[in-house]
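Here's a solo chain for you in C-alpha cells, the form predicted alone.
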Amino acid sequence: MGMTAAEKILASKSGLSTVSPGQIVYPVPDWIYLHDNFVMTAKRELDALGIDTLFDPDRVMMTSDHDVIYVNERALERGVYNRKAARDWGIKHFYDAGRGGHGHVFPMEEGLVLPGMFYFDDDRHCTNVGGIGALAFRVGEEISTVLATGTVWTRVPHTVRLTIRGELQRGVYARDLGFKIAQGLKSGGFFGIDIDYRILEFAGDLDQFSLAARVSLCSSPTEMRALGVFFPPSEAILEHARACAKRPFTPVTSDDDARFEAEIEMDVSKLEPQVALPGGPSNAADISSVAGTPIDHAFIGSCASGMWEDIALTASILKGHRIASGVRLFVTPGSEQTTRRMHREGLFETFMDAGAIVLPAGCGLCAGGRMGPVANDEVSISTAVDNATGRMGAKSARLFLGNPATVAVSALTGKITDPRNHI
C-alpha cells in the first residue's frame, strides 16, 4: 500500500521508510516558525526551565507580522522583547517589521519554504504552505518544546482527498470556492465528513489555480479545523520554486495506490461569487442574496488574499475610480516583495488616487483589527481569514467576507456588489 503526500513527508522527516495514520512519530522539521505574538511566551517558558540555547537556531524563523506598527504600549514592549530574544537565541532568520511581511506568505515567495518541506508553527494558518506543496503543523504552545528539542510527538493524520472538476467562471475566484468548501466541511455540511486533525489534499483540475489561488484555498479548510492542506505542485509551481529556491528541494506527491480516509468530488463550473455571512467563513451564500447591503468599511489583504495577484486584481478594478463616500478601504500587501513591486508598477498611485489606505506588509486588519478597526454597528466586507463576531473591532459590527474583486467593487459602489459586471 502506497502513502499519501503527507505521510511521505512525515516519514522522511522522521527517518522512517513508511508511516500510517495514527502512528506517533517525531519529525525533525526544516523550519521552526515563530510569529511576533508568541515569542515572549515561548522564551519566558524556556527561561523558567533554564534553557537558553535552542536545538538549532539556524532552523528557526521569526517574523514580525501581527504588530508591524505599534498601536499600543503592549505591542511596543513586545517588539523590543522580540528583537532581544532574536539576539539572545542567535537567530539569523529574523524578519522584523519592514524586512519580510506576512509569515504565511513571504517565505514561499522568497524560496525559504519549498515543495516537500515540513515545519512546525505556533499559528494555525501555517497550512498556507500546502499551496506550494509543503506541509506545516500548528503546535501552539508546544513550539517551546520544538525550540528546545528539535521535535515534538506527532500523530500521523488521515488524509481526505477533494477532487475538483471543471473550471471557475469569469469573475469567480479561489476565495469563492474556499467559502463553498468551508460550508461543505462544516458539521452537517454537504460533504458529510469530519476534517478535524486531517489533511485535505486537492486533486483534479488544478492547473487553473496559481500559487496565490492555492494559498487562498488553503485558508478555508484551516478555519474548519483541518490540520493541513496539500496541493500536488504543478509544473508552474515547481518553476517558481526552482527560480527562487534558497536550497535544494524534493517535491512530493501521493502514490497512485495511497489510501485516503474519504474521497470528495466537487464540480466548480457553475459556482457563483460567494460571500461569507457574519459569524464565520463557512456561512457561504450566493452574492445575490446580500447584494445591495450598504458598507462602511473594506479590507483587502491577510494570508488568504494578500499576494501580488490579489493586490494587482484590486488595483485593476480601482484604477480610474474613487471609493464611495463614507467608505474606508484598507489594502495590506502580504510581503515586502509585493510592496516593492507595487512601487515599481505604479499601484501605490492607483490606490491613493482611489482613496484607499495602504498599510505595511503583514497581517493588517486581520490580526484582530489592530489597525483600521470597525466601529459599533458598522458593516465591513473584507478578504480576512475569519469574520467571527468582534474579529475586527466592535462586536455589534457586521463582518462579511468576499474575494478581492468583490471587496474592491463593493468599496467603489458603497454596497455589497457582484463583481462580474465590473471586471
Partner chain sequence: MNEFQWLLKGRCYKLGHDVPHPGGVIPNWLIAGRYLDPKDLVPHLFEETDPGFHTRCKPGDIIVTGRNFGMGPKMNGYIAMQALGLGLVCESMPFLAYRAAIGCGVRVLTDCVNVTEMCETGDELEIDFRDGFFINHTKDIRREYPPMPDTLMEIVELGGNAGWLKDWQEKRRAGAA
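These numbers come from a predicted model, not from an experiment. Numbering follows the first chain given and starts at 1.
This protein has a second form, the form predicted in complex with its partner chain, left out of what is shown; the following refers to that one.
- Listed stretches are 312-320, 164-172, 145-153, 262-270; the contact stretch with its partner chain in the model of the complex is 145-153, by a heavy atom cutoff of 4.5 Å.
- For the chain shown alone, Ala375 is not a contact residue for its partner chain in the model of the complex, no non-hydrogen atom being within 4.5 angstroms.
- Although the partner is absent here, Thr53 is a contact residue: one of its heavy atoms lies within 4.5 angstroms of its partner chain in the model of the complex.
- For the chain shown alone, Phe190 is not a contact residue for its partner chain in the model of the complex, no non-hydrogen atom being within 4.5 angstroms.
- Although the partner is absent here, Asp196 is a contact residue: one of its heavy atoms lies within 4.5 angstroms of its partner chain in the model of the complex.
- Contact with its partner chain in the model of the complex holds for all three of Leu46, Leu49 and Arg138, each having a heavy atom within 4.5 Å.
- Shown without its partner, this chain lists His343, Arg87, Arg225, Arg99 as candidates; in the model of the complex, only Arg225 has a non-hydrogen atom within 4.5 angstroms of its partner chain.
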